[in-house]
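In structure tokens, one chain follows: the form predicted on its own.
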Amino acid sequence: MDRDSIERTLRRIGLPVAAAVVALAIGGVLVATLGQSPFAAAQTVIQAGFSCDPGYCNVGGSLTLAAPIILCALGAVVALRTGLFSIGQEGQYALGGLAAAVVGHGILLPAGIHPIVSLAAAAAVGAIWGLIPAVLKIFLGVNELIITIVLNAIAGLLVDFLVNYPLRAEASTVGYTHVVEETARLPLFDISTKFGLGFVIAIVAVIGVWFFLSRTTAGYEQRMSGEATLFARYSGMSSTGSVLRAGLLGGALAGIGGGVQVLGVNYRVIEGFSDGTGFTGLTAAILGGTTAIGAAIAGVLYAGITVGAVNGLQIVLGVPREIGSTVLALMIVLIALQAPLLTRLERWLDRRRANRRHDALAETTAGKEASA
């Protein structure tokens, strides 16, 4: 790797880190205005969200919360890298969770097979819901941002209707479905935090998405369709197939996220299940630079800060937990700003390198002419 490549890599890594540091510094200032020490607040968040004591492992709760976020983030990564600007992960997550709850309660299967079938149902429903905006975009030219916003609202209302009426378990102030069977539940490693196989599934999905996008021909077509549309078109790649595939895969991943939440944590779908997890996943995808590994790291970071803000800042220090969300939002804004800034910085550095080469060539030429 030459010097220019190393410098470029360091800038691409350093700018997101700098954005995170600046956002954390601003969060520290906000904490200080409330009369608390920013360092004590940071220590409390880390302790409440990322520590593990013999009696209770806080990081287990963070990883449990991170699992569906990571899966929704992966769905967003696949869509965004293909040029399908879908923000429909929330609806795919909600319907996937409902499908997992229905199959997990309504079908009797052996313990080893039941969770697989339930998650497959969640993936199928999520994929179908994710395919709708892709089809409308390709064949009717409908703006996918608008249609996915509408589909999210429809999915949320549909889930609440089904939970309150045909799938309602019993009369109560809040509608909820029947509890899934024991055979359909995902195994737990820690009962107190419900940390279990759901997070393992999320990590396997991260590896799968990374391998698909980085090491397969179809993944290369996905990336080129989003990053170099003209190149993909003139190279004979099918942008139609890539967008449809992105809708299916992205929706399936978000649907599995809903299934993991139901089968591993909630064991049923309650009215209001569409709680913003899909949008949080989209946020993690952006925060992670729309890469599989980056989205996973951002998902864990988001979950840890959220848990730390609730259990640490709010309960221990009396600081509003919204400060944690504010810090995450600032990270996204600063990282969004880094793309144009990075492009301008690289162009300026390229001009400087070209000028240096020109000056060096001119000096060499002048020296040869003088010696002659």
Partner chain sequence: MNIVADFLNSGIRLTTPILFAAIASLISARAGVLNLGIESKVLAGAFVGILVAAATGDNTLGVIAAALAGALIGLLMAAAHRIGVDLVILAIGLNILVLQLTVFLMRSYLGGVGTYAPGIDRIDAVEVPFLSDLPFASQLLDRLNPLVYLAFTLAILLGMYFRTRSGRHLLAVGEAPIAAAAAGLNVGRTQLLALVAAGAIAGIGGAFLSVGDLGFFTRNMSADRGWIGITAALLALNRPAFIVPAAAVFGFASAASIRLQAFDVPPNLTQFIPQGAAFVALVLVGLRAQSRGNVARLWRQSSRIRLRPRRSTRTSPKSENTPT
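Note that the rigid core is defined as the largest set of C-alphas that superpose within 1.5 Å between two forms. As the structure is a computational prediction, the values presented were derived from the model and not from experiment. Positions refer to the first chain, counted from 1.
Another form, the form predicted in complex with the partner chain, is not on view; read the next lines as being about it.
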Option from 79-87, 246-254, 173-181, 191-199 whose residues, in the model of the complex, bring a heavy atom within 4.5 Å of the partner chain:
79-87
Within 4.5 Å of the partner chain in the model of the complex, all of 132, 158 and 350 (non-hydrogen atom)
yes
Exactly one of 42, 317, 310, 332 has a non-hydrogen atom within 4.5 Å of the partner chain in the model of the complex; which residue is it?
332
From the list 121, 232, 136, 301, which entry has a heavy atom within 4.5 Å of the partner chain in the model of the complex?
136
With a 4.5 Å heavy atom cut-off, would you call residue 151 a contact of the partner chain in the model of the complex?
yes
Classify residue 141 as contacting or not contacting the partner chain in the model of the complex by the rule of any non-hydrogen atom within 4.5 angstroms, answering yes or no.
yes
Heavy atom of residue 239 within 4.5 Å of the partner chain in the model of the complex:
no
Counting only non-hydrogen atoms and a 4.5 angstroms cut-off, does residue 58 reach the partner chain in the model of the complex?
no
Give, in sequence order, every residue of 222-241 that has a heavy atom within 4.5 Å of the partner chain in the model of the complex, or say none if there are no such residues.
223, 227
Once the core is aligned, does residue 52 move its Cα by at least 2 Å between this form and the one not shown?
no
